[in-house]
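In structure tokens, the next block holds one chain alone, the form predicted alone.
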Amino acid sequence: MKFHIPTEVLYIVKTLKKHGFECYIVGGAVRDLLLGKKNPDWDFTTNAKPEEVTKLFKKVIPTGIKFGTVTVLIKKVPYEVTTYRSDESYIDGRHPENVKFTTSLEEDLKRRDFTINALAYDPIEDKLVDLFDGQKDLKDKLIRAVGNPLERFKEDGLRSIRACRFATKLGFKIEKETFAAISKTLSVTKKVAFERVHDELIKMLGANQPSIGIELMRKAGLLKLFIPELEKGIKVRQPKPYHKYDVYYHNLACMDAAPKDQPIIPLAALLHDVEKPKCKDGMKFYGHDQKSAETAVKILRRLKFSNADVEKVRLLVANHMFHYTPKWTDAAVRRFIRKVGLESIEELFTLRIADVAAMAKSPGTKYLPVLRRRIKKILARDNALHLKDLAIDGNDVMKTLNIKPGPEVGKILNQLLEKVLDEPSLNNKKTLTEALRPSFPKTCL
């Protein structure tokens, strides 16, 4: 059963064992070793107390010393080492009120969430400890709670969301009784901090088919706690022959079609039509892009996404209905670049491709390479797409017109930029400065 174990991981185990302690690699690292998957996180469990672990390594951070966890730093890489423990009552649906250190590995493994995460491995002795048939569940592709699932989910409300995430990432099913316990413990899950839900959602979006997790959350009642807006799209029909899904399932299909190397595009795909139900008028959905963008902002702020991520998703959702035709003038292309932002254009194109892929009859995306070439040509030729690109700035405006700082300065600059977008050759300091003077013939612009 010998696995390839990194040198630093072996060093931690050897050091603790050399000083008379037990030490096992535990949790997801063991699971992924058995599955043949790469694992970036290595966690350890030991009968050594935190203060004893601290004495054995040069750089140790007391990250969770109340719960028996310290972080050992080796070559700036963190490794969590936790003392065997049993948890007492949970008071906030997330953390135990107290922990009791124990000398029993079995007691420590009994407190863990799922059987596939309750595995321990000693790489020195090549010894695998599996007290709850975790290997069988790995073989059967099952997510099963350790012991009584109701008790496990009542202890920690995040575990129900993790069950959905593991099922999604691993392509497993959630065992029947374990899944049934989720809907019975929603009051506990409701207490979970939105920051933790955010983390689970991000990991879920990286799966090959994240819709599996969203659907599991919906069926278990979890989606209603955190993103209830999505469910409003269920059974909201869309026009044929282009659509085969209702709004909800189209959002999920679009998310699945998006690339998973960065979570922002799948996230924008999930929310791109979230407000179609509110905008429905017959088989038309007027203004749903703007309304969906507004609601996406509310959802992502609720889930504690960063301001940068919120703005990126807002921009993608608000502009996902852009309609390019060969009739666009160069000025129209310049305004498109300015509106979307050069750094977001490729992401918007990717979202459009995913949106089309989620339809029954594809309208096609052959125009995207054409638009891409036009953008490239314009960027090589023109030099003013934003206010900062103008040949004059706010100081020039105030000096020429003898006015004080204020909104009027920005308004004037935007008016000049609109003219330059139509005719880039106007973007020189002399012409724009002269254009500010009342005597300048406006026909020249």
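Numbering starts at 1 and follows the sequence shown. Values in this document were obtained by computation on a predicted structure and should not be read as measured data.
We do not show the form predicted together with adenosine-5'-triphosphate (ATP), though everything after this point is about it.
- Message: So in the model of the complex, is adenosine-5'-triphosphate (ATP) close enough to Asp41 to count as touching (4.5 Å, heavy atoms)?
- Response: Contact check for Asp41: yes, within 4.5 Å of adenosine-5'-triphosphate (ATP) in the model of the complex.
- Item | Proximity of Lys232 to adenosine-5'-triphosphate (ATP) in the model of the complex, heavy atoms at 4.5 Å | Output for Lys232 is no: heavy atoms all beyond 4.5 Å of adenosine-5'-triphosphate (ATP).
- Using the partner position in the model of the complex, report whether Arg112 sits within 4.5 Å of adenosine-5'-triphosphate (ATP), counting heavy atoms only. The answer is yes: Arg112 has a heavy atom within 4.5 Å of adenosine-5'-triphosphate (ATP).
- Task: Report yes if any heavy atom of Thr178 sits within 4.5 Å of a heavy atom of adenosine-5'-triphosphate (ATP) in the model of the complex; otherwise report no.
- Result: No, Thr178 sits far enough from adenosine-5'-triphosphate (ATP) in the model of the complex that none of its heavy atoms falls within 4.5 Å.
- Thinking of adenosine-5'-triphosphate (ATP) in the model of the complex, which stretch from 61-69, 387-395, 24-32, 403-411 has heavy atoms inside 4.5 Å of it? Contact-bearing stretch, as computed: 24-32.
- Message: Within 4.5 Å, heavy atoms only, which of Arg159, His250, His288, His320 is in contact with adenosine-5'-triphosphate (ATP) in the model of the complex?
- Response: In short, Arg159.
- Message: Which residue, Thr83, Asn117, Thr168, Thr189, is the contact with adenosine-5'-triphosphate (ATP) in the model of the complex, using a 4.5 Å heavy atom cutoff?
- Response: If I apply the 4.5 Å criterion carefully, the residue I get is Asn117.
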